[in-house]
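Given as structure tokens, the chain that follows is alone and in the form predicted alone.
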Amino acid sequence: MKLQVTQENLNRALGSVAKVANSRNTLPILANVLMKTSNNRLSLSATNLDIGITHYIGSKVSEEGSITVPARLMQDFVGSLPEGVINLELQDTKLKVTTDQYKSVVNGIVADDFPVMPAISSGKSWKVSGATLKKGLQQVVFAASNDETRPVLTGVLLTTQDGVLSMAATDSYRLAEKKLGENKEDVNLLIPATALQDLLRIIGDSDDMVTITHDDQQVLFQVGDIELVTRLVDGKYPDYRKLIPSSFATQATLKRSDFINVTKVSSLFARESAGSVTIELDEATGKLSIRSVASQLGENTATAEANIKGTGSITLNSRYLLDGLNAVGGEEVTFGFNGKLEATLLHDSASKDYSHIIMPLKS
């Protein structure tokens, strides 16, 4: 293998794939990145056996070949080099990396031992706007569970209902759903949230269309010159739509910035009580108030003006409430509930394409 590539392109590609390589895995080669030439392009790939990422970059290839090299070392090393042309030459299992000022040798492992994610041979394929997918991921992925004992909840459900593509995630304490728009394909995919966090990083500021290809076991996302493939989560996702209330006995509409401010202040006094705050809506005064008590520190009540229908109170986790408020977007939000023990709904007052459900705490 012998080729030339720019530092900028190689550094960007290593940044895309290296995070997936895992030095703590029992297979040492999984801490490496696979470098392979094909048709005047260099591909860099990394996998942890559940997720695989490949980034293609243009290069001037003199001799074809492939090798795997330590991902962390290669990323840090190339990132430290000045901009310009890098020469790569493989001799046995040693990769020579030279520039005008630097000459280095990186010890590699032969590419034959590198595991490759199986290709999707007979799957469906469709496209979605990168900007739309990015916003949806930002609003939903954080609500997925980290609890590996309930693997279904560590996934994000991508599904179509009545011709509308939706994305949903829940950890059983909160739930986020985003409607992404019309889609004619019959989609029902349960995708690991960790893979979608990597996808979010890959999409970045790109406005490219994202091509999604899937079968019963895997899904492949193609964004420009980058491909991410991941295994699907096995299991049946709960019927979360039953949790979303259709009407409310008590409801408030107010500026999102005001709601965030009073929640932030109250959360400071809620640390002792695991973030517990009590929200009260009063139709007569047109005030939303949040009260928090810390036996050692004191107590706090913060109020904001709101357009209120009904009177009542509910106790929530302030961190979950702030997460929801930050995800909603829009200048005004609507917040509603039916009773102290029933789910609350938070959404943008001007749009119904995003719903954020928070389960109450016992007060």
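Each residue number is its position in the shown sequence, starting from 1. What you are looking at is a predicted structure, and each value in this text was computed from that prediction instead of being measured.
Although it is not shown, the form predicted together with another copy of the chain is what the next lines describe.
Taking the partner from the other structure, another copy of the chain in the model of the complex has a heavy atom within 4.5 Å of a heavy atom of residue 303. In the model of the complex, another copy of the chain lies within 4.5 Å of some heavy atom of residue 101. The closest non-hydrogen atom of residue 73 lies within 4.5 Å of another copy of the chain in the model of the complex. Interface residue remark: residue 160 is not counted as part of the site for another copy of the chain in the model of the complex, having no heavy atom within 4.5 Å.
Proximity to another copy of the chain in the model of the complex, taken as heavy atoms within 4.5 Å, picks out 102-110 from the listed stretches 274-282, 185-193, 102-110, 240-248. For the three marked residues, 313, 320 and 358, no heavy atom of any sits within 4.5 Å of another copy of the chain in the model of the complex.
Among 85, 209, 116, 265, the residue placing a heavy atom within 4.5 Å of another copy of the chain in the model of the complex is 265. Checking 50, 299, 64, 332 for any heavy atom within 4.5 Å of another copy of the chain in the model of the complex turns up a single hit: 299.
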